[in-house]
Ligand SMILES: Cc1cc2nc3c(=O)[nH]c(=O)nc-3n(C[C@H](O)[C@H](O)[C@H](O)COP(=O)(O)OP(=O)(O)OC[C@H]3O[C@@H](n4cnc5c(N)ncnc54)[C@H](O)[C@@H]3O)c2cc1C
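Only one chain is included here, represented as structure tokens and corresponding to the form predicted on its own.
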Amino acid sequence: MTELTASESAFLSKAEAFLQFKVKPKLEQFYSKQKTCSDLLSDAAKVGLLRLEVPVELGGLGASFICKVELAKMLASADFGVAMSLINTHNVVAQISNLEKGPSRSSYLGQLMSGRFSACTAITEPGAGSDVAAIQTFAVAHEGGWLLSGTKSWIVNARDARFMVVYAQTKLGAGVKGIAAFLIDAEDANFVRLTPEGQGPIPTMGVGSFALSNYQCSSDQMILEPGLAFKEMMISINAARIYVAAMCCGMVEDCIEVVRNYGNDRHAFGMPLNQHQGWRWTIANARVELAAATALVAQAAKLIDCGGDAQILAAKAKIFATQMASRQVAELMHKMGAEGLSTDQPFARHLLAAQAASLVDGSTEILLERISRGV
């Protein structure tokens, strides 16, 4: 992607330094659960990561979606969970920045942009994943505001997040037309954080669940009205599919680099591994598939920045990139021999993350069905 401005390139250079000096040295602590991604927020805020798409007039960088995609790819090259966690907090910051002036924006935006708290977007429920119309969390009008009740599950950052955008049904039988979005504070007594069932496999994602029981919202905490919320949700999900695809590209790039260095240093049968033809072909094949996935991601990202309908292209990019990553990370791991299984190497983490990537923001099967309807 070559459409980055000079200021965006400068930001990505700072983000690279943040990755090298603040993220990578702490990965072992994240996976041993001594630290969480919330510990990264202050440093992430200093480089501007949490205000990337916030308008300049509100103190943001006003960056393009393509810049966000490059950031996602870079972060995931170190760890998919870290990328998902930080970008999900940023997404809420960007969403709040688009609100009209009022208590909701003024009370939350500064705290999030400074890295004081993390945030999340809560759509998925125990009985509602891709079938958004099946959302059971309900909002009832009450004394000029709303009462929210329901349970959200498998939410990135829900283990620690302070602020949450919660999607809830406002009218029985209305389907997606009745869904609205509310901005809530997890410090409220009627918010209950549940056991984070996803903590183990990829702890850096901060996956968790929570329940609301007559949680009272003021009227201005409804940040997306019924009829608009579902439309905005789908636009956001299409964008997420693109940057998740980019994350897969970042993980494969990382694996290629590790294998390339290993091939230079390790000898077998009297020569470096990279002098063996069959060994080199595996690397070449990975580069071919990575180039194809990268091209799809770039095409889809450009469409987002142009304001086009990226639904189908985003689905294609995510399907191809997640399948490519699952296949190529495994192939590249085998080029390392038993060393590929070492916890000092990234292959096991990236392989698990590739599987997670195929499920978040629409499973591969759901996306294939979406594409097939247009054939």
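All figures in this text were calculated on a predicted structure; none of them were measured in a lab. Residues carry their position along the shown sequence, with the first being 1.
Only in words, not in the display: the form predicted in complex with the named molecule, which the text now covers.
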| query | finding |
| --- | --- |
| Contact residue in the predicted bound form, chosen from 139, 179, 249, 155 - any heavy atom within 4.5 Å of the named molecule | 155 |
| One residue of 205, 212, 161, 75 in contact with the named molecule, assessed in the predicted bound form (non-hydrogen atom, 4.5 angstroms) | 205 |
| Residue contact check: residue 122 to the named molecule in the predicted bound form, 4.5 Å heavy atom | yes |
| Contact flag, residue 12 vs the named molecule in the predicted bound form, heavy atom cut 4.5 Å | no |
| Partner contact for residue 356 in the predicted bound form: the named molecule, 4.5 angstroms, heavy atom | yes |
| Partner contact for residue 130 in the predicted bound form: the named molecule, 4.5 angstroms, heavy atom | yes |
